[in-house]
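Okay, here we've got a single chain as structure tokens, the form predicted on its own, with questions on binding and movement later.
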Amino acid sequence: MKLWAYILRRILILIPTLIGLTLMVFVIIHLQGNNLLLAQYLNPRLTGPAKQQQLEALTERFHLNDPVYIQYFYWLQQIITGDWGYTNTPIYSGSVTTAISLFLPNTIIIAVFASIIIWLLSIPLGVSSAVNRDSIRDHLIRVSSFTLYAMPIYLIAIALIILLGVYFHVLPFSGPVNPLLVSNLDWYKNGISYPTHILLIDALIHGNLTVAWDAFLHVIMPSVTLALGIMAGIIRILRASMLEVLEQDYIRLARAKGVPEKIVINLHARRNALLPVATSFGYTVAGLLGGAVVIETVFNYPGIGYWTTQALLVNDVGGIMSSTLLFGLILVFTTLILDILYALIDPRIRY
């Protein structure tokens, strides 16, 4: 199968997946009843006839008197046009799309740092564990990875806070920055920096290196925690893949021809062993998103996960459902991109 045909097939498969995702979110919203849905838009100051009039207007606006399938198509039209509703949480009240634009960048910066840590550590550790099979190093790596894999991510966070934040005092562990450093800045308001909403980048844009360095220190512990909670699985996958590759005939042939062991491992074996790891990257993204909800709450970091937690605490339907839909869309499109890249790396996948 040609590459363009494979990509087209994957895109066509994506369509029912997206429909299923939107249907799931729509059903969950309406299972809670119309009153909770309408409460997002009602003016709390209105009473009596004025309130009833607004209820009738909202009912007509969302076509709540129409059959459910008609309501779904109107709701889907709103989603496609960017009207995701409203959210009312302690940290933000207003349009959901605006909330996403404000909080998602912080989650992205944590996920990027965590991804860098994951790949810098998990690949050499996985390769080393396989190359030194059944050695003390292999056992230490395997025991450590199994321990991290079994631990809830919030326990890893608490352990790092106690060790690095409380005992050694080397890293901050609450919020995105020291509040005293940003109290008088005109580009930092209500916990949000401008223009990119990523404090580290915004501080560099405005030439404030002190705030930039402090923001970087505040990113380290959440990123490390998120990385440690996910990299254990990648180490296990890479070790198993590496052991399988090392038993292949072309590896034996390279060794028999006198090729240096470092070249055999790094050039021939590791490259092919990384292919199965690449397929698991979609699950890594899911782990990063799921872990961000917990991590950002533990570290009081104002990302999309922290906003979702605040929405859950106050039963904010707009925030809960919108974040669910957003996480689902990110995972679906990441999987699509990954499948295309994997087809480019390994043409056998097209068959």
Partner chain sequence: MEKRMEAKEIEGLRLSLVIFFSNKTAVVGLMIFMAYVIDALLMQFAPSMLGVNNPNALAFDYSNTIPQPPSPEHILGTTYFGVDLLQAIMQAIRIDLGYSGLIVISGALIGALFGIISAYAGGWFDEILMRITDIFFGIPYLVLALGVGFALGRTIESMIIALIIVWWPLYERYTRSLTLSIKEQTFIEAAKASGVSDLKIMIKHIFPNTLPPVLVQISLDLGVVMAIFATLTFIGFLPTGNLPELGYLTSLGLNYIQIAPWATIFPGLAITIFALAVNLMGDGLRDVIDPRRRSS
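Positions refer to the first chain, counted from 1. Since the model is a prediction, treat every value here as computed from it, not as a measurement.
What comes next is about the form predicted in complex with its partner chain, which is not displayed.
**OP:** Only one of Tyr149, Phe216, Tyr194, Phe73 comes within 4.5 Å of its partner chain in the predicted bound form by heavy atoms, so just point that one out.
**Re:** Checking each option against its partner chain in the predicted bound form, the one that comes within 4.5 Å is Tyr149.
Original post:
114-122, 161-169, 182-190, 196-204: which one contacts its partner chain in the predicted bound form at 4.5 Å, heavy atom to heavy atom?
Top reply: Of the options, only 161-169 has residues within 4.5 Å of the partner.
Original post:
Using 4.5 Å between non-hydrogen atoms, is Leu155 touching its partner chain in the predicted bound form?
Top reply: Leu155: yes, in contact with its partner chain in the predicted bound form.
Original post:
Any of the heavy atoms of Leu14 lying within 4.5 Å of its partner chain in the predicted bound form?
Top reply: Outside the cut-off, so no.
Original post:
Does the 4.5 Å heavy atom contact test between Tyr86 and its partner chain in the predicted bound form come out positive?
Top reply: No - in the predicted bound form, heavy atoms of Tyr86 and its partner chain never come within 4.5 Å of each other.
**OP:** State yes or no: in the predicted bound form, is some non-hydrogen atom of Ile337 no more than 4.5 angstroms from a non-hydrogen atom of its partner chain?
**Re:** No - in the predicted bound form, heavy atoms of Ile337 and its partner chain never come within 4.5 Å of each other.
**OP:** Determine the residues of 315-335 with a heavy atom within 4.5 Å of its partner chain in the predicted bound form and present them in sequence order; the list may be empty.
**Re:** Contacts from 315-335: Asn315, Asp316, Val317, Ile320, Met321, Ser323, Thr324, Phe327, Gly328, Leu331, Val332.
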